[in-house]
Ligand code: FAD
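Presented as C-alpha cells, the chain that follows is alone, the form predicted on its own.
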C-alpha cells in the first residue's frame, strides 16, 4: 500500500551502513524527517583508527577494531557503492585511512555529514502502538552536554555494525592462563609481541593477517584454526599451524591433535558478537550463538517490520550490499512492493535455516553468505524490483577470497579491472 502520510526515520550508527541508509532516505519523497545518531565524534564506524582501547572519554566501549597497518582484504573495485565507486588509483587493496576518506567523500557528496548527530548515544529503542500503526520511541543522550531525550519515529534503521563486541571462546584454562590474553579488537601495532611466543586463535581474515604481521617481531607464532581448506600460503619459518586448542594449563597449550607447546600470549582472533544493547526486549529480537532472529532476508524484523537491520550478513561485498538492502527496504516503505505477511516471513526464515543446516552451516554461520551471496543479492532485487548488483562483484569477491588463502603474503599486489557487468581482469602490480 502507498502511505498517505510522510514518515519519520531514525538511523542508528554512521558507519558505512548508516551513511548509506541516510544517503537514500534523504532523497526519498515519502520520508519527511531523518535523524542519524552516532556515538563517536566522526563518521566511519569500524574504519576509524584510534590508538585508544577499552573505553572512550565518555565511558563507552571503544567501537573500532582497526589496527594501524590494516589494508583492505578485498579490492577497491568491489568496495564502493553501486552509484559511487572508490576513486581510481594504482592499487586495488587500500589502506584503511583511504577507505575512511572515501566514506567521508560519499557522505559529503550526498549531504549526509551535516545531518549526523555526532556524540549521541542511543540507549533505548522501544515499540509502541500509534493511531494508525506501530511507532518507535528512541531514547538517546547527547554525550557532550549530558542531556537525554526521547523522540518518536515511524521506522528504525539499525546500522550499528558487528565488529565491536569481541567474542571470547570457552577454552578450558583460559581464565587461569599465566601469560597475557588479548583479543584482536584491542590490537593496534605488532611491537607489543616483540620476542614473545604467541598463540593466535582463529584464522579468519584478521587472524591470518595479524598472525603474519606478528611474525616480524615475535619469537614464535602458532596459528590455531579449524579451516576445512588448509591455506596454501607459505608462511615464515617462525609460524606453525595447529588445530583447535583443547585446553590451556599454566603457559602450556594442548591441541586437538594431542600435541602441546608453551606460549607467552594467547591472542584471540575469534571474531565478534552481534550486539544490540539498546533494543528493548519488546523488539522481539534475540541473538543466540550469533544468530540474529527472526529476520526476513537477514534484514527485516519479522515481528516489527518497521525496523530493519542493515549489514548483518558477512563475507559479502559489504558497501554494495548495504546499498541494495537499503534500496530494498525503502521500496517496501514507499509502497513499491509489500513485504510478505508475518506468517510468510517466518516460514521463509525457518526454511532458510533448515536449508543452511542441511548444507553444513552451523547456527553461528546463520548470516554467512560467501557462496550464497549472489543468490541473496538477486532475491532482494527481484522481490523489490530494484536494480541488481552486477554479477562481476561476486566473481571478483570469490577470486580475491581464494587468493587470500593461497598467497596471503602477496595477494594484495594484484590489481583488478572491471570490464563489464560480468567480466573482470586481474594482473600483478609490478614493483619499481
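Numbering follows the first chain given and starts at 1. Owing to the predicted nature of the structure, the values given are computational and were not obtained by experimental measurement.
We do not show the form predicted in complex with the named molecule, though everything after this point is about it.
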| item | value |
| --- | --- |
| Residue contact check: residue 384 to the named molecule in the predicted complex, 4.5 Å heavy atom | no |
| The named molecule contact at residue 159 in the predicted complex, heavy atom, 4.5 Å | yes |
| Non-hydrogen atom contact residue 266 with the named molecule in the predicted complex at 4.5 angstroms | no |
| Partner proximity in the predicted complex: residue 66 to the named molecule, non-hydrogen atom cutoff 4.5 Å | yes |
| Candidate site 127, 286 and 309: all three near the named molecule in the predicted complex by heavy atom within 4.5 Å | no |
| Heavy atom within 4.5 Å of the named molecule in the predicted complex - the one residue of 171, 79, 100, 208 that qualifies | 79 |
| 219, 115, 121, 254 - the one with a heavy atom within 4.5 Å of the named molecule in the predicted complex | 121 |
| Location of the named molecule contact in the predicted complex, chosen stretch of 351-359, 318-326, 258-266, 221-229 [non-hydrogen atom, 4.5 Å] | 318-326 |
| Members of 7-23 lying within 4.5 angstroms of the named molecule, judged by heavy atom, in the predicted complex | 12, 13, 14, 15, 16, 17, 18 |
